[in-house]
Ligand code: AHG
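Before any questions on how it binds or moves, here is one chain, the form predicted alone, in structure tokens.
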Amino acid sequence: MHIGTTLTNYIIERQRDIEGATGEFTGLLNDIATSCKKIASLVEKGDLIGVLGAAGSENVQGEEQKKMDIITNEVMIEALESNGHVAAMASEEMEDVYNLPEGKIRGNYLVTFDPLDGSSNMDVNVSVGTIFSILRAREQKETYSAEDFLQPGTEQVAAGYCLYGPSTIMVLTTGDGVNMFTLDKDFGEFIMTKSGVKIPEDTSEFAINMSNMRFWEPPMKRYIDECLAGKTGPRGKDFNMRWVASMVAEVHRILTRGGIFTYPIDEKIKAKGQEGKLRLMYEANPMSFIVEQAGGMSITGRERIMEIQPKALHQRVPVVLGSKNEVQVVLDYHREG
């Protein structure tokens, strides 16, 4: 059986194309891949090792943590803190920046991550995933603060996610397109299974939490109403609706066959004093980088997500991303008011 390009070989080859490369970035991506392999094993075992259910605690956003939220956060930290590739880390599950312990070598990269996106799906055996983003540390120092991480999405060096489903798939961009790697457990390696992934520009599939319909702003309600009207409405075609409640699963479907995913701002979110539902640093920026590199589009409804200047480590934003022409319709409706 022919064995394709491994993730390790791929990033080594990419390193050779970069003048003055030291191997640090290559090492960091390998560290992330290692953590994802460990998480994949834990997800697969589930209740066999007692990792399902609530942890009895809340994260910084006041949301109930699952056992796996805490476990996977620890797996990510353990994999990244010891090899001298990371300057500091920030996680959706931690209130503050994680600075490396004294004596650990500081690298040149900052990493943000959502260790287990869609963790509530674990209990019902639905796909979950890990999302990560890599930024450059603008200066070398012992201790980093949130301010060091507050860089717009356009500054990302790389972003990706690992989907734990029927198979474990790593999706990665370093700014030159999107590639997919499937974990072959017999070899213990991620093998490239798709390269140069492109999202179809047109789609007839949308994903949204319809239970929030009564709270939406008029432009979003108009868009969804027209989708639901199908061939009898102004769009003149039928749409299918999807909702997994796992951003990783939603984005992966879009990368595979097109579509649009949206978690818009609404009156319920505004009443909580929030600007959106999804986290800019841990979810929206890395997924936007991936989607744009695959030829898609990602906006808040009114602006490009990756151009937002972050104001806080756990800032939230509305998200509309996916097939370019369909996202453009949503943008046009918001501009019309």
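Just count from 1 along the sequence shown to find any residue number. Predicted model only: the values in this text are computed from it and were never measured.
Missing here is the form predicted together with the ligand; even so, the following discussion is about that form.
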*asked:* Exactly one residue in I134, M247, I265, M89 has a non-hydrogen atom within 4.5 Å of the ligand in the predicted complex; which is it?
replied: M247
*Note which of Y144, F261, F181, Y164 lies within 4.5 Å of the ligand in the predicted complex, where distance is taken over heavy atoms; exactly one does.*
F261
_S82 within 4.5 Å of the ligand in the predicted complex, heavy atoms_ = no
*Would you please decide whether V251 lies within 4.5 angstroms of the ligand in the predicted complex, comparing each non-hydrogen atom pair?*
no
*Does the ligand come within 4.5 Å of any heavy atom of P219 in the predicted complex?*
no
*asked:* Whether W243 contacts the ligand in the predicted complex should be assessed with a 4.5 Å heavy atom distance threshold; does it?
replied: yes
*the ligand isn't shown here, but in the predicted complex, which of 227 to 235, 70 to 78, 114 to 122, 156 to 164 has heavy atoms within 4.5 Å of it?*
114 to 122
*Would you give me the residues of 195 to 210 that have any heavy atom within 4.5 Å of the ligand in the predicted complex, in order from first to last?*
N209
